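Only one chain is shown below, in structure tokens, and it's the form predicted on its own.
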């Protein structure tokens, strides 16, 4: 029993260390966003201070308000997520359940697109969008985001579709259901968890993306990840405002994760449970 308790304590200690390593930057950003410019530059750092919301007021309602940038990020991320899921669900279903010529080649192509380095394709993307007049537009950025979010979503969803027993589809076909009706009424409800996981990851990737955004955006469409650099200059860095922007930028992702938590946990565990049953 003593050895078991020691192992439990060791596991808890290691888990706590990893948790602190993950939570420290977030906690530090929150604390800095509530400080004044003098407090944030104090050395040693002040842990006890009079909190203020001046930084949040400045970044939300001041001359350098990031509200338009948050709106731009939301439009791009939501648009990318919706279009990706509308296209990825039937594509993943086809790769997982149907037999057709070129299936392996299509699957291999989807996999290869995930291996392309973003730095190597950003210049061709820029030239294509410039030629069609889509630089600094929502449709241009969403189109480019689809090029890496769609293959990722397809490969993630394929594994969930493959776990659905064929007997469920066969029973629906015997009852006279079409393939599309079977997909909508039978299959999709069974992979809700996987779809929730995919939605979160696609939204997260689109919301946090920086490299393509900084090259393809401009004054009209500027995501919040790019707008953060308004508070960084050669002369100085406005740490309190930068911390406030980072906290505000994290909120949508945190809210989405909390709302979809139940489905995410189910989606992450369903494959392992079914795999264990087959063994």
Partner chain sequence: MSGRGQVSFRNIARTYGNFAALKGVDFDIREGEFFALLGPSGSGKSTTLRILAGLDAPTAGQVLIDGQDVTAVDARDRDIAMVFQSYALYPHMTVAQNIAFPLEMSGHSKAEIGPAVHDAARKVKIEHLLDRKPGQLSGGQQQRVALARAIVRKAKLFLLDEPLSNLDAKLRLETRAELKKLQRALGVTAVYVTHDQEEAMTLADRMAVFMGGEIQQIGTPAEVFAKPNSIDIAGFIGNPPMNLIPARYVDGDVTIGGHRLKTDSTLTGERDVVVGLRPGALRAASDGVPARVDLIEDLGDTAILDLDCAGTLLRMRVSDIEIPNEGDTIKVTARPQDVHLFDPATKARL
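Treat the numbers as computed from the prediction; the structure is a model and nothing was measured. Positions refer to the first chain, counted from 1.
Another form exists, predicted in complex with its partner chain; not displayed. Remarks below refer to it.
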Residue 176 versus its partner chain, in the model of the complex: is there a non-hydrogen atom within 4.5 Å?
yes
Considering only heavy atoms, tell me if residue 190 and its partner chain come within 4.5 Å of each other in the model of the complex.
yes
Is there any non-hydrogen atom of residue 162 lying within 4.5 Å of its partner chain in the model of the complex?
no
Does any part of residue 185 reach within 4.5 Å of its partner chain in the model of the complex? Heavy atoms only, please.
yes
Among 69-77, 132-140, 95-103, 163-171, which stretch has residues with heavy atoms no more than 4.5 Å from its partner chain in the model of the complex?
163-171
